[in-house]
Each structure stands twice: as structure tokens, then as C-alpha cells.
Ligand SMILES: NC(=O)c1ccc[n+]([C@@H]2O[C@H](COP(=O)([O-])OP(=O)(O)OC[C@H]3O[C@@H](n4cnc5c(N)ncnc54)[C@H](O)[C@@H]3O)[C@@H](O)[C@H]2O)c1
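Shown next as C-alpha cells: one chain only, the form predicted on its own.
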């Protein structure tokens, strides 16, 4: 790894205030990137150092359009887009609501898709990159995650289709699918749910740290991955081997 692998690279990162997004922001900054962090968490953004920040709800089309325009104006362009922003809800099927589905798809699927649409107007042909953070749940059945899995599965499918659509421009699209990661996103699972299934698929390496996943994202976004597009990178510690 070069300490200047992203020297001068202009990178908006959604979900940059906490968890995997924050670790990704810090990793990119350490490698020389010019980062524009987008999040709803005002305090989390304020505590970041060495980055430009922008408060926005990624589920709002208007907010996304404004955020991308602000990133272009602030950074002087966009070289790489990294979509990390996402939410998680535990939804046993008997309590699954339309609100669960609507909110999860709005944040986890529609938001990243609109960010991609807007960023593609600015990404340079030949070197532009989009990294969308999906989930191992996108392609593997996990109890109580029907809505979450569906929203991340849709983002995975979107990413693969988009890669095929923009490959003629030399723009890469790489979905990165983390497994269980120690972030606030996985907190709050009701104690009365039967979690024995997850005990069977738990990685012997334990949950990932946000920094470990950020390393994978940085690789996918870097010239080191120049021949990777339209292929999911799964980082789950072997939990689904």
C-alpha cells in the first residue's frame, strides 16, 4: 500500500460520520484523498478532521442532487464515489411493515442509486470508480432480515447492472459486501429472537472491524483494483464458505 495511493483523488463518501463510512473516510485521507463526507449525523461529521462535510438525508432525491453538486463545487470534481450510508432494521416476518420496506429501500437502494446517477455526470472516463457497500445478506438468507436483505440485494443487482452499462466509458463499479461488522448498525437486535442460526455461520475470525472493511473498500477504489468491475468483493471472514 502506498501512503499516497489516492493523492489528490476527489472522493465523496456517504455515511461518513460513523462505522464503516467513518473508517473509510479516515483511510482515504491517510492515503492523500480529498474527501467530501456526507451524513445526517451533524456531530459525527463535525468530529472528522481533514475532510469537507455536508449534512444530507440520502433518501431524499433533492438532497442527493444538492450533495453531489456541492461535492463537485467544493472538490473541483469527482474521481471516485463511495456509497456506505445505510440503515438496518430487524424485521421478523410477522411484524414486517410497508414502512420497514419503504424506509430500508429508500436509504439502502434508492439513495445510492441516485448518488450514482448524479456522480456519473462528473466521473472521468477511463479512471472513474464507484464502490457501493452492500452486505453478505444481499446474497445469503438470514433470519429477520427480509427487508434489509432485499434492499441490499437490490443494491448489489443495481451495481452489477450499472457496471455493465458504464464499462464502455472505462468506469468501474465494484460492490463490496461486508459480513458482520462491529458498528452501531448491528446494535439493538431484540433479545427474544432465536439467534442460533447466526451462531452456526459466525466467522471464526470474529466480527470485522470498520477499519478492516475500509481497507477492502480502499483497495476496490484504488488503481490496484484496476481490472475489477462488475464483481462483488465479499468480506465476511469466511462465514459463508
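Positions refer to the first chain, counted from 1. Keep in mind that this is a model prediction, so the values were computed, not measured.
Omitted from view is the form predicted together with the named molecule, to which the following refers.
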Work out which of the listed stretches, 93-101, 77-85, 160-168, 120-128, brings a heavy atom within 4.5 angstroms of the named molecule in the predicted complex. 77-85
Answer option from 214, 58, 35, 174, heavy atom within 4.5 Å of the named molecule in the predicted complex: 58
In the predicted complex, the residue from 150, 113, 107, 156 with a non-hydrogen atom within 4.5 Å of the named molecule is 107
Residue 12: heavy atom within 4.5 Å of the named molecule in the predicted complex? no
Heavy atoms within 4.5 Å of the named molecule in the predicted complex: does residue 53 have any? no
Given that the partner is absent here, does residue 17 sit within 4.5 Å of the named molecule in the predicted complex, heavy atoms only? yes
Please determine whether residue 205 contacts the named molecule in the predicted complex, using a 4.5 Å cut-off between heavy atoms. no
When you measure heavy atoms, are 146, 237 and 241 every one within 4.5 angstroms of the named molecule in the predicted complex? no
Interface residues of 36-56 toward the named molecule, as seen in the predicted complex [heavy atoms, 4.5 Å]: 39, 40, 41, 56
